[in-house]
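Presented below, as structure tokens, is a lone chain in the form predicted alone.
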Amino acid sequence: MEGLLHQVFAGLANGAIYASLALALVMIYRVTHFVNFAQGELALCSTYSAWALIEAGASYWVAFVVTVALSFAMGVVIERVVIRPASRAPALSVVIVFIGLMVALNSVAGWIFGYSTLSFPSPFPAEPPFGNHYIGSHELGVIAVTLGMLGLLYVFFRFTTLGLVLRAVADNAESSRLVGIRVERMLGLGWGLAAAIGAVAGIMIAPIVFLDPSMMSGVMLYAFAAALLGGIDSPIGAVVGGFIVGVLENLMGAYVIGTELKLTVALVLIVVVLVVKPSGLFGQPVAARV
């Protein structure tokens, strides 16, 4: 029973990361109707930046805040310089732009920081909190930080004018433009927020998986599965799907297929969702008039 509870709590910690990245994927998808294949590489570059700041002598939380701010700016710049010029291109060309951005960011990160595995510090104590044996301090901290970030995002989108405007653009960009909303500026804001969310996820998971240029490949596969499971157009679904995938991954890896084959859980889940319920648990089915 103790082992089962540990796997569930560890899965919730991983699920918090997947929920964050899935939410970032959903945000970009809602405003572009494309999956941002470079989301993991954006998080990777942000994590390397935080590592460099810590190595230079900055405290963990100072590096955390600075990196999130820099990541937001990086997302805005990428949208303006790379994504916006290709926005009116054919769909296949836009997909190639996303894939090219992913490869370019990964290569730049490896070129600057090298391809060796680096350790990333955790700001949380090494000892489990309250003497329990079910969840570690870092896992509990990951859940707390992620839930805090999700709470701030909820307040932003629900109760601020800027958040409501961004939601309007995500729902219908053309109608928003007709009523005078600066859609391009809102798209840049959406990319900045998605990059900042990815930065938080990357920094939180780096102490668990270690830091190297391939760190986010498996993580993004789970995040993509979470986004599909919850609904690729549903922010709430992305969060719920992230936690479900995190727990399912741990339980399947520990008791069914082994840790070496855990990645197949995400692959099977992606195929099953696309075949059985493409809109996901909370997504809206797409209907086209013919």
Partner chain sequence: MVAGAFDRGIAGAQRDGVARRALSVATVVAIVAACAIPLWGSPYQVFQMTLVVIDAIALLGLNLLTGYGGQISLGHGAFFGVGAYTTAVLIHSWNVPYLLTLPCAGLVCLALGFVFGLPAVRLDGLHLALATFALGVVLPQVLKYKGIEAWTGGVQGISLEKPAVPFGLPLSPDQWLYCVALAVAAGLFALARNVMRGATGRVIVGVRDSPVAASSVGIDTALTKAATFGVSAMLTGIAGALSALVVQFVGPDSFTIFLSISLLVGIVVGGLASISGAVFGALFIQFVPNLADDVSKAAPSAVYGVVLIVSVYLMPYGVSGLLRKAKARAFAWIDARHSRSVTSQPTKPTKQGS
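Please read all numbers here as calculations on a predicted model, not as lab measurements. Positions refer to the first chain, counted from 1.
If you look for the form predicted together with the partner chain, you will not find it shown, but the lines that follow are about it.
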Heavy atoms within 4.5 Å of the partner chain in the model of the complex: does residue 119 have any? no
Using 4.5 Å between non-hydrogen atoms, is residue 110 touching the partner chain in the model of the complex? yes
Within 4.5 Å, heavy atoms only: does residue 125 come near the partner chain in the model of the complex? no
Looking in the model of the complex, any heavy atom of residue 52 within 4.5 Å of the partner chain? no
Among 42 to 50, 55 to 63, 242 to 250, 27 to 35, which stretch has residues with heavy atoms no more than 4.5 Å from the partner chain in the model of the complex? 27 to 35
Exactly one of 155, 96, 147, 73 has a non-hydrogen atom within 4.5 Å of the partner chain in the model of the complex; which residue is it? 96
Can you tell me which residues in 101 to 116 come within 4.5 angstroms of the partner chain in the model of the complex, by heavy atoms? 101, 102, 103, 104, 107, 110, 111, 115
